[in-house]
Ligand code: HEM
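Before any questions on how it binds or moves, here is one chain, the form predicted on its own, in structure tokens.
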Amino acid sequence: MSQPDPYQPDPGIGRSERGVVLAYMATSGAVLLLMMVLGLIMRLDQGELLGMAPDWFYRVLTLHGTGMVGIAGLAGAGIMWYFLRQYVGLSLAVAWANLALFLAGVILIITGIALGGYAGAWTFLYPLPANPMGMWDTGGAASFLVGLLIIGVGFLLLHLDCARAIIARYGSLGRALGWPQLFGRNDGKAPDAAVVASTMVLIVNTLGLVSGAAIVVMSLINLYFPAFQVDPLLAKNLIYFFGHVFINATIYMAVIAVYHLLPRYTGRPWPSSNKAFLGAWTASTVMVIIVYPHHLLMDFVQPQWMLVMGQIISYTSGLPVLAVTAYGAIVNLHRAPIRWDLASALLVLSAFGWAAGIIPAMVDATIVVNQVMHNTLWVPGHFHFYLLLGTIAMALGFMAWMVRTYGGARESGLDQLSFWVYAVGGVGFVGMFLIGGREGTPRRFAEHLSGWIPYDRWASLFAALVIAATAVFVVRFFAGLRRAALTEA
């Protein structure tokens, strides 16, 4: 059986459309490398291999967390835009505006951290920004918060444009989710997987971004008018609703690359029009919105019904889409004449990273475990798992496919070696987080006890491997960027 050719350009993507997507992914690649280096610096410092003042450790922690969440969102948005644009009329101007607002927000965030001293973590928990105890000034906190607000406005504009285009094509968001086929007769005419996933994302992320913007604005007012008070429990609910929805949306956007590209390597269509697929995405639309209270299990004043809901949904929220994605990937790969290359290998790795990464998340969502483990390295272990080996692997796989398809990039032995270095380094890196969490290592601490330091040093080694491999991927992408941008449609 002959192998399929996965490197066919998409006819609906012209030079202008390709240009904006390449700009998204180039920005993502450059910032990703910088954020990874900052992560390595923190692990080296915790392992007593690098001396850094504690105040700068928390500044780096804040920039690393904020940058990683933001860049995962930008990379996911680039992937979603590329595939959704083939089915609906998205605006190029809005896409460029989102990127411009993102970069402007990044500048303000860096300014607030580096010059203003802000070090309150990316969660900016109220009333912390206005109560720095001498660690940062009001201008630094304001610069950070305004940067977040600007980035959020950009993403909100992008999602509203997606909603406009989807409704113009399909008539309603329900139709774009495939509800006529899900709840009626399945006529096989359900929207494409990119449309279904994008519709789910715009629904949940619009709600999340509006909630995040509300608490950011309230925090900004509180900075300059302390008499303006916000209920701390309400503020925490808004922050974690926004944060949880946004970080989940990154992987729901990025997984579109798996749905579209993996079948090109196997020659088998992805079963996106069946009721299982459509039902999974509809269920996840609801579950992602209501699962966030599992972040507040230790806040005993939280309404009990919300805590119960948060724990129950924690066991199920990721399963519908994950199940159809993992099962679909297995079906696509089983005895398929797949052409293995860097892109296909990274996409398969990403399916594993998402599936495996959700397991320690579900463990932490169990109340008796959460009471002991939540403020340990177990938590960054689980989200580094499905970000580093899930979302980021999807983005890197998409970037590798883009420069191979449009730029004619050829692979070398170094690319193959780098993939295995990335995979082994990534598993080892998140493994050190999880083992450290099991041993009780606290998260967000600049200094660790002597018994925890060996895990920090091993984590530093694995992080260095991941950075080296990612550097190869990103340099390879930039090398083929110009040719990919200039290729005729």
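Here the structure is a predicted model, which means the values were calculated and not measured. Position 1 is the first residue in the sequence shown; the rest follow in order.
From this point on, the text means the form predicted in complex with ligand HEM, which you will not see here.
*Asks:* So in the predicted complex, are F433, F445 and I467 all sitting within 4.5 Å of ligand HEM, heavy atoms only?
*Replies:* Yes, the whole candidate spot contacts ligand HEM.
*Asks:* So in the predicted complex, does L387 come within 4.5 Å of ligand HEM, heavy atom to heavy atom?
*Replies:* Yes.
*Asks:* P129: heavy atom within 4.5 Å of ligand HEM in the predicted complex?
*Replies:* Result no; P129 lies far from ligand HEM in the predicted complex.
*Asks:* Is the gap between G105 and ligand HEM in the predicted complex 4.5 Å or less for some heavy atom pair?
*Replies:* Although ligand HEM is absent here, G105 would stay clear of it in the predicted complex, with no heavy atoms inside 4.5 Å.
*Asks:* Give a yes/no on whether P320 approaches ligand HEM to within 4.5 Å in the predicted complex, heavy atoms considered.
*Replies:* Answer no; every heavy atom of P320 is more than 4.5 Å from ligand HEM in the predicted complex.
*Asks:* The chain here is shown without ligand HEM. Which stretch in 398 to 406, 208 to 216, 183 to 191, 114 to 122 comes within 4.5 angstroms of it in the predicted complex, by heavy atom distance?
*Replies:* Within 4.5 Å of the partner lies stretch 114 to 122.
*Asks:* Identify, from the list A197, V258, L377, A95, the residue with a heavy atom within 4.5 Å of ligand HEM in the predicted complex.
*Replies:* None of the other options qualify; the answer is L377.
*Asks:* Which one, Y252, Y87, Y170, F383, lies within 4.5 Å of ligand HEM in the predicted complex by heavy atoms?
*Replies:* After the contact test, the surviving option is F383.
*Asks:* Judged by heavy atom distances of 4.5 Å or less, which residues of 63 to 96 approach ligand HEM in the predicted complex?
*Replies:* Residues within 4.5 Å: H64, G65, M68, V69, A72.
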